[in-house]
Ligand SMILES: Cc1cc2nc3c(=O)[nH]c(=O)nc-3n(C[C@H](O)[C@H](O)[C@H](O)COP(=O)(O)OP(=O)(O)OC[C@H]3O[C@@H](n4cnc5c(N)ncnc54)[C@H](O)[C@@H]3O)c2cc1C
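As structure tokens, one chain now follows by itself in the form predicted on its own.
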């Protein structure tokens, strides 16, 4: 295999495969390097093995980036409909679930095969199970010293992903390369990650481990109404993963445990329940797991029948259930995180070509300071940034 290439793409993940195929279709001689034994490991395991690969409704509002305007160009030029059209041409069976989430109907491997087929058709070459040891830039070319020898290219694309899923051999090599060439890297932290507790609630949540309920979880101005899952160490599930992107250590999260009701509406429901003389636990069990109802009534010493309660007390109950304030101790870390917050500063990257201020050095996908919410948005960013970069090569 010749060591001289027009383009070398570091990383055989979602953005790397998308970029490689497009760059090769443009007539470039493209090599993909990756240390993993197989391409697209994260696609393979995501979404319970069915990969939530995009969303019906994708907008810049679904992304976190210090420069909120950065994502607009790529997302507008390659919308989710474009990717859906691509997989439809290949005959991928998919389904659209709640919240507009697209999933493979059978297995994520079918999606990987589509991406590999596109790369094969375009003439992309792969060099897997190859460790990158160093990168040098001299004479207008990038020289990559690897465990399989030295490769050089006129253009280098960094699509190495980030720090989440370390079991898949995720590393911070993309950040190291950015720093090597004088680019700024914004501090990273786990994103879309469970929250852990160390106070009395940790023991209570452990008792409830495996149960789930629908809540509205809120951090600052960001709120999400989705399922919440109790774990041995704290809280998880879509609602918690969503707010984890916005949570800072020491800050509270607020849960409306009955999201179908506002505080005022719940107060009125309690008034009606008081007048009827019916059981509060039985009413709550319509919405909550019975074990959670039991623990809640134990912890907060709520009366099981409201007929003798003052309206003022009912107002307090309504506030308590719709504004349950908790203080997580920490996140569950990169081991459990789906994405990484922070990354290569987009102020150093072109939003149209993804070229950095270092000539012919490009950064795409999760290595950038762009993080999507849960629901297929991070994969859509991979497709859009990969396509935009590939077109520019």
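It should be emphasised that the depicted structure is a prediction, and the values quoted were computed from it without experimental measurement. Positions refer to the first chain, counted from 1.
What comes next is about the form predicted together with the named molecule, which is not displayed.
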(request) Using heavy atoms only and a 4.5 Å cut-off, determine which of 56, 325, 61, 45 is in contact with the named molecule in the model of the complex. (result) 45
(message) Would you classify residue 273 as touching the named molecule in the model of the complex, given a 4.5 Å non-hydrogen atom cut-off?
(response) no
(request) Answer with yes or no whether residue 30 is in contact with the named molecule in the model of the complex, where contact means some heavy atom within 4.5 Å. (result) no
(message) Taking the named molecule as it sits in the model of the complex, is residue 160 in contact with it (heavy atom to heavy atom, 4.5 Å or less)?
(response) yes
(message) Using a 4.5 angstroms cut-off on non-hydrogen atoms, would residue 154 count as touching the named molecule in the model of the complex?
(response) no
(request) Pick the stretch from 341-349, 64-72, 325-333, 364-372 whose residues have a heavy atom within 4.5 Å of the named molecule in the model of the complex. (result) 364-372
(message) For a quick check, can you give me the residues of 376-393 that have a heavy atom within 4.5 Å of the named molecule in the model of the complex?
(response) 376, 377, 378, 379, 382
